[in-house]
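One chain follows as structure tokens, the form predicted on its own.
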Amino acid sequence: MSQTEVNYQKKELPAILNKVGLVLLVVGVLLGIIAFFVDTTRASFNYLVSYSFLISIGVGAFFLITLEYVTDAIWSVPIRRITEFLAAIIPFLAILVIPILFNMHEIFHWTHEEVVAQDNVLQGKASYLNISFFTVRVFAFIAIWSFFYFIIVRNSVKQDSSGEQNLTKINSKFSAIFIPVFAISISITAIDLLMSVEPHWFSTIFGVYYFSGTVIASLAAVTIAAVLLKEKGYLPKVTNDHLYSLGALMFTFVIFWAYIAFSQYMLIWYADLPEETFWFLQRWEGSWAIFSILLIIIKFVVPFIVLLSRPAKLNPKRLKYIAVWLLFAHLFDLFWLVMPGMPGMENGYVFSWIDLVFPIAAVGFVIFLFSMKAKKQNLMPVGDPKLKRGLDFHL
């Protein structure tokens, strides 16, 4: 499939996009450095939230790429390059995780030997929850994700010029291997980074909970980029039918997230075991109760109502706004998961400017990385043999 056959003309994204991303990134990084000097503990907890958020967008986007190859989907081919740009976050995770590794004592109290020595529960988990094994797991998963990312995205980009159909088959095989690897690695990552903030608590469904939010966040990021590019004339052949499919997937995973969240809560409530219930009880203490109620409204009630009707999913403007809303909802969810575990925040939330710093840097990083990738590559996989059928897709 050549560029001529699909009549694709590469256009440069506005230079202002690159500048906006860079400014947000620089401002966020500078404020973040100040935050670590002002309050190391709070900065560390907030950094963990934003790092988990970037994992959701990057690894979640790559999951969507591999899902397309495995299912042989047609409709998503014209917007696959967007997901590839977002998945470019993955290799940078190895660098971005360093502040967490240097501040583990601030975040995870299972890293304190004197605490473990006096706690039978932590002693029983010490073979898993220790700094060395934690670090190995973190870098091992990033290495595995990066390995698959480089192979699959390299083949996709190479196909733009070569048009080799065999590259699609190769990517399909690697994607089939990646899916179960992703399921295991994203679950363990959720346990390591988020659930171990409170190591006495456990939930067998927590990995799936984070997975559902990850998919929502990645779909929302793809939707925002796709709608904006279409509005500005960069993807003129992407139709509302393509956007409808993104809206339908967001709607599906909003319901799936709510199902998993309720299942986790209901099973723990029904069993009524003290070693499980205390985690939820803490989130009903003081102002955290307001956060808990808001989470239900922000991440389920509002998007469910907005995306329920068919016309809503065919409306690019509405999809764009609800996608931004869902990105915020996922960040809010991660904040709700992590911050009650911070010393001094157990009984209620106390505002600090530090809470706003790292999300600014994260958004700036994603915008800057996206714009840099868009400069070097086509916005559509013009060599994919399924692209023509993808562009002709209709509901």
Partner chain sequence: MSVDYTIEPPVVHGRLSIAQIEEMVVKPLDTKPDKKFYIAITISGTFLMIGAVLLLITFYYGIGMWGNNQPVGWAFGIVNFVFWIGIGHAGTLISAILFLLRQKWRTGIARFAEAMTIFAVMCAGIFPIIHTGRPWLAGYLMPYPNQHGIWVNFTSPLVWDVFAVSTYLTVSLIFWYTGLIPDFATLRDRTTSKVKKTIYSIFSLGWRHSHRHWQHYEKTYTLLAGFATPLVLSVHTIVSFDFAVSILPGWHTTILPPYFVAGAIFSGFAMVVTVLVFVRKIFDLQQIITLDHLDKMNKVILATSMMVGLAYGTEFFIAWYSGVAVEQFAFLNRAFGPYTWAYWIMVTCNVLFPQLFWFKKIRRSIPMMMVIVILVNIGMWFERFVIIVVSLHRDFLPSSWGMFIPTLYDVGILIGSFGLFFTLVILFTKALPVISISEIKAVSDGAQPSYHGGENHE
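Everything numeric here is computed off the predicted structure, so don't read it as measured data. Numbering follows the first chain given and starts at 1.
Same protein, other form: the form predicted in complex with the partner chain, not shown, and the subject of what follows.
Inset, instruction - Answer for residue 169 alone: is it within 4.5 Å of the partner chain in the model of the complex, judged on heavy atom distances? - result: Yes, residue 169 is a contact residue.
Legend entry - Contact flag, residue 276 vs the partner chain in the model of the complex, heavy atom cut 4.5 Å: Yes, residue 276 lies within 4.5 Å of the partner chain in the model of the complex.
Legend entry - Contact flag, residue 208 vs the partner chain in the model of the complex, heavy atom cut 4.5 Å: Yes, residue 208 lies within 4.5 Å of the partner chain in the model of the complex.
Legend entry - Non-hydrogen atom contact residue 150 with the partner chain in the model of the complex at 4.5 angstroms: Output for residue 150 is no: heavy atoms all beyond 4.5 Å of the partner chain.
Legend entry - Triplet 72, 180 and 260 all within 4.5 Å of the partner chain in the model of the complex via a heavy atom: Yes, all three are in contact.
Legend entry - in the model of the complex, segment of 141 to 149, 94 to 102, 238 to 246, 221 to 229 with a heavy atom within 4.5 Å of the partner chain: Among the candidates, contact is made by 238 to 246.
Inset, instruction - Name the single residue among 158, 112, 283, 125 that comes within 4.5 Å of the partner chain in the model of the complex, judging by heavy atoms. - result: Contact check passes for 125.
Inset, instruction - Name the residue from 293, 308, 301, 266 that puts a heavy atom within 4.5 Å of the partner chain in the model of the complex. - result: None of the others qualify; the residue that does is 266.
Inset, instruction - Quick one: name the residues from 295 to 331 with any non-hydrogen atom within 4.5 angstroms of the partner chain in the model of the complex. - result: The stretch 295 to 331, when checked against the partner chain in the model of the complex, contributes no residue at the 4.5 Å heavy-atom cut-off.
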